[in-house]
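First, one chain by itself in structure tokens, the form predicted on its own.
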Amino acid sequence: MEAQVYAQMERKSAVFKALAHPSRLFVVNELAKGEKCVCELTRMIGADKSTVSKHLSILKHAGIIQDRKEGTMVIYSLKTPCVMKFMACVDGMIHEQVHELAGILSCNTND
């Protein structure tokens, strides 16, 4: 693999890694609905502020979210709303897997 292609794959991998945690997926989902401050996200996730801040830092470093200062508050928003298309794709994939599993299970109960 060429170095340039490898570098591109590494960057994509970083985005997928940033999304690979339930709390971070929750943050992305909530920010798709609108801006939120750290205090709101902390309350919604139910974790301490330092943990939520670490999750936000990972998402920001991956380029998925952005922040801005408003007085003493830091407000976060979704920088790449296209990620929601990927989330919808994953939701569809999971739905299909559940549907297939339900079909397999119903066949087994009929035996």
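Numbers for residues come from their place in the sequence shown, where the first is 1. Small disclaimer: the values here were computed from a predicted structure and weren't measured.
There is also a form predicted together with a further copy of the same chain; it is not shown, and the following applies to it.
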Can you work out whether a further copy of the same chain is within 4.5 angstroms of a heavy atom in all three of Ala20, Thr80 and Cys89 in the predicted bound form? yes
May I ask you to state whether Ser57 is within 4.5 Å of a further copy of the same chain in the predicted bound form, using heavy atom distances? no
Can you tell me if Ala102 lies within 4.5 angstroms of a further copy of the same chain in the predicted bound form, counting non-hydrogen atoms only? no
Hey, in the predicted bound form, is Val5 touching a further copy of the same chain, heavy atoms inside 4.5 Å? yes
Could you tell me if Asn29 has a non-hydrogen atom within 4.5 Å of a further copy of the same chain in the predicted bound form? yes
Within 57-78, the residues having any heavy atom within 4.5 Å of a further copy of the same chain in the predicted bound form are Ala62, Gly63, Ile64
